[in-house]
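Here we start with a single chain on its own, the form predicted alone, put down as structure tokens.
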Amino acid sequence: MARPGPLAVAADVVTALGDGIAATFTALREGRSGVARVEAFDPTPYGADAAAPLPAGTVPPPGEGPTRVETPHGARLDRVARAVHDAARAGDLPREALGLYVAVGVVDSPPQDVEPALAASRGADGHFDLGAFFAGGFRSIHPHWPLRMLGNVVVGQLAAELDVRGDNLVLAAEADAGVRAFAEAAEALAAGAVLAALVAGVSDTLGPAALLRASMRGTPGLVLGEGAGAFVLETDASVSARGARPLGRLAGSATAFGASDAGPGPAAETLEQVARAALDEAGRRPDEVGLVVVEGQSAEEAAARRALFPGRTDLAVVAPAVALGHLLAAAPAVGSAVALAALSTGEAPSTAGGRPRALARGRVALVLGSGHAGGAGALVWEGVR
């Protein structure tokens, strides 16, 4: 018999469709999209013209949020992590018993940080001169500048703000890392290393560098989004002792690596492997899955789905990236929040323009995630309604 996985006692997201799970889930059910043309800069040199930016006012401007982190990237992470931390009343637990497991996207340097160095490194023709840069132009960059691009610095500041003193881990930078963050938290809880675990994922910040990376991945039509998601997971004993009300259970998880020969991302066999492994850990069969949350970016993913669920016509398939943009490291957390909302309401939104689909009681949700190099992961969620 499968060992019961940890319970989720709080969750929150911020996406291009709204602030919070309810706003995002309602917008998905209504068929709305947060994808729009990039207006802040010309995106065409980077092979894109559309992205899913956050709605205005969702993330506090740098320096105005409740955190010392001075980037929108850190502000998004702080917003959702603080919300679930407070919602779970994790302060009732010893600070050393709280763990923090975060998947972060690539943190790009704000252009204004290097503008003085570029201006000081112009050659005689007025263009950037690499020799002039190393001869002295680089001295115009603040010595702490590299720290702003390290994900563990962002997460370390968050841990200090929340007074989380237990086991911690930072992973990067795509959806396979987002799945692994949940898996590491579940393993720590099962081993007794922590009593509660805060698990979060945060996307890249939209900008020229992020769009350039997306174009270099070689995935046609990839639209990036901005967003973040966070959960608090606890053991059954901790939930019972605190009288907390769980949202759902992380019943199984698995990760693996196996690159596709056809293009970026994992092979169909690798995705099928992690899905079956996660279901095995949960003690569930593929025919007990009622909802699959996918990325919707590759033929390999579609092939894996067909192999897992041959001939199924009653399966709800949701691709949040269609409406939110691809959230990379944040995708599994946001996808898991959508999955739990669907299991709770008994209805899955359609991201293909159709009507929401009813979910049978007792079915589980499977969340898939992958990285362009070949990493793959799967999460299995059970509802508690």
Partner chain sequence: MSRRVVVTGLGVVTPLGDDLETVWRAWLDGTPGTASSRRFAAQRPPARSVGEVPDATIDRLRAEFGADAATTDLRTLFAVAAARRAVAHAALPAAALARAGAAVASGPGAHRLEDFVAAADEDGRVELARLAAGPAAVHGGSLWRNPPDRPATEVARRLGLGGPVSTVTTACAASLQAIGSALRAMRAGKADVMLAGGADAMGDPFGLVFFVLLGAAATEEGATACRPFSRRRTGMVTGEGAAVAVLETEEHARARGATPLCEVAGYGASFDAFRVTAPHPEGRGAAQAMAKALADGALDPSEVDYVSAHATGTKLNDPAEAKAIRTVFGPHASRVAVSSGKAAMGHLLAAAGAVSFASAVLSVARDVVPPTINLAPAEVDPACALDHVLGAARRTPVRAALVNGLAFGGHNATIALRKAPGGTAS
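Residue numbers count along the first chain shown, from 1. The structure presented is a predicted model; accordingly, all values stated were derived computationally and were not measured. The term rigid core refers to the most C-alpha atoms you can superpose between the two forms while keeping them within 1.5 Å.
A second form of this protein, the form predicted together with the partner chain, is not displayed here; the remarks below concern that form.
- prompt: Does the 4.5 Å heavy atom contact test between residue 263 and the partner chain in the model of the complex come out positive?
  reply: Residue 263: no, not in contact with the partner chain in the model of the complex.
- prompt: Should residue 108 be classed as touching the partner chain in the model of the complex when contacts are defined as heavy atoms within 4.5 Å?
  reply: Yes.
- prompt: Can you check whether residue 296 is within 4.5 Å of the partner chain in the model of the complex, heavy atom basis?
  reply: No.
- request: Indicate whether residue 170 is a 4.5 Å heavy atom neighbour of the partner chain in the model of the complex.
  value: Output for residue 170 is yes: heavy atoms within 4.5 Å of the partner chain.
- request: Mind telling me which stretch in 304-312, 240-248, 77-85, 273-281 gets its heavy atoms within 4.5 Å of the partner chain in the model of the complex?
  value: Stretch 273-281 is the one.
- prompt: Is it true that 7, 14 and 40 each have at least one non-hydrogen atom within 4.5 Å of the partner chain in the model of the complex?
  reply: Spot residues vs the partner chain: no contact at all.
query: Which residue, 187, 236, 269, 288, has a heavy atom that falls within 4.5 Å of the partner chain in the model of the complex?
result: Looking at the other structure, the residue within range turns out to be 187.
field: Any residue of 134-161 that, in the model of the complex, places a heavy atom within 4.5 Å of the partner chain
entry: Contacting residues: 134, 138, 139, 141, 145, 146, 147, 149, 150, 151, 152, 153, 155, 156, 157, 159, 160.
field: Yes/no, residue 120 Cα shift of 2 Å or more between this form and the one not shown with rigid core fixed
entry: It does shift by 2 Å or more.
- prompt: Does residue 245 move its CA by 2 angstroms or more between this form and the one not shown when the core is aligned?
  reply: After core superposition, the C-alpha of residue 245 moves less than 2 Å between this form and the one not shown.
- prompt: Superposing on the rigid core, do we see a C-alpha displacement of 2 Å or more at residue 143 between this form and the one not shown?
  reply: Residue 143 C-alpha, core-superposed: shift of 2 Å or more.
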